[in-house]
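The chain below stands alone, shown as structure tokens; this is the form predicted on its own.
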Amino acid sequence: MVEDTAAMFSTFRPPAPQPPSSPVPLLHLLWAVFFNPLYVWHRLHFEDPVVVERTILGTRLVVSDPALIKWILVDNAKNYVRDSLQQRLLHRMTGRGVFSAEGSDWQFQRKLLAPYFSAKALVAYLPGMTAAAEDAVNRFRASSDDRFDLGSEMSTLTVDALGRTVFSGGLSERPAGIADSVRQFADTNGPVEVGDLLGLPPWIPGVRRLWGWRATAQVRQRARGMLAKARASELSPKIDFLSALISARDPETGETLGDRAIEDNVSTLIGAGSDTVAVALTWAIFLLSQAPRAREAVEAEVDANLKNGAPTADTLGKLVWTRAVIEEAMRLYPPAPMIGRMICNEDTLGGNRFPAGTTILISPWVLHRHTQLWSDPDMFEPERFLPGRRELIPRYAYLPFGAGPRVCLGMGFAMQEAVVVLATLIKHLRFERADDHPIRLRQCITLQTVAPLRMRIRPRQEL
């Protein structure tokens, strides 16, 4: 293990399903695949670095060894491609955007988008992120609802932040409406369907997708409308994300991105760029509400560093407790709970040979709670990520944003936004649970709660 066995402050065990001691029965496994993949795991996955399983879905290798993960995702990444099921699900969610593109098309799109997530761009986004957080503070203060849905509020906030930063031309709808349709789109398009396992043509929709056709239509119409608006504007590609997509040309072929690829990138950025940060903030705020000493440490840090105003590039680096809470929240509730790969050419892993076609599963949900990598892995201990201890964590034992060539392009954006928003909210408000109902989790692209996580706020000046 890489850590001390005792934390300075935190002893809170956050909600999570307890894995069974033996492999999941077939019917239970099928239910989990279709409805809640968090329940496919059993105790051995959290104890052994490599678990080989043979199921009706084929042979799969669950890998939680940091050295092997580095080999799969970084050193020999070309030999490990997305399997057909993951490609199908990704294409359904992200279309022809950078998330699902391959080869030279992916390289072109990623290079095109990278400047909008550079260090220089992130500094320019600070005022917009802060303004979105301060508007949320004002909404909370003005609201008469003392049992609000924390996840919904954080989704609205993060959509608003995108409209004030990357999308310099603004968004075409109210952030709350966009957030709601994004969640519905993910709920109906993200889960595995029977047709996915049977390899039916992708155009044959499952029951959930038929049920959610309206949300899918809204996502596509929104992107189409934003593209039309951008074409009619005179915004410079140097400052406007959409204008850059429109004017971009492949340096080798001279071709421009098609309208569908642009629209898919817009939809993906709004969806992934808001949902993942919203989930991290939701869990961070909830965890602080249950761990008074950690909350007090964050409050003291925020009060000391933000007493003269909003977060700046200089003060962000001093918010070490705030960042540690967010990183611990993403350890316990990783934004992307599953990374899937397939071996292209026979390879050796852990001293054993595995043939081409073998499915590789790297689950941050399992990896981040693995008993060989973390002390007290199920406990909320943000101290793990404070300077001096954070450096002891093996690089590939913690993968909130993936790793290798496919590492999340918006990682810096997401972390900066999460720190700015959490610090701004904590500066003014204290969050408390509004009920004591058991919290049950479900995995649908990101980690959600089955029922809304109800919270209430108290202005800190009244405490």
Ligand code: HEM
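For clarity, every value in this text was computed on a predicted model and none was experimentally measured. Start at 1 and count along the sequence shown; that's the residue number.
The discussion below concerns the form predicted in complex with ligand HEM, not included here.
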property: Every residue of 110, 277 and 336 near ligand HEM in the predicted bound form, heavy atom within 4.5 Å; result: yes
property: Contacting member of 373, 330, 266, 324, with respect to ligand HEM in the predicted bound form [4.5 Å, heavy atom]; result: 330
property: Of 140, 117, 385, 71, the one that lies within 4.5 Å of ligand HEM in the predicted bound form (heavy atoms); result: 117
property: Per-stretch contact check against ligand HEM in the predicted bound form, the hit in 255-263, 141-149, 337-345, 287-295 (non-hydrogen atom, 4.5 angstroms); result: 337-345
property: Ligand HEM contact at residue 88 in the predicted bound form, heavy atom, 4.5 Å; result: no
property: Ligand HEM contact in the predicted bound form: residue 44, any heavy atom under 4.5 Å; result: no
property: Partner contact for residue 34 in the predicted bound form: ligand HEM, 4.5 angstroms, heavy atom; result: no
property: is_contact(residue 92, ligand HEM) in the predicted bound form, heavy atom dist at most 4.5 Å; result: no
property: Residues in 91-109 close to ligand HEM in the predicted bound form, defined by a heavy atom within 4.5 Å, in order; result: 98, 99, 106
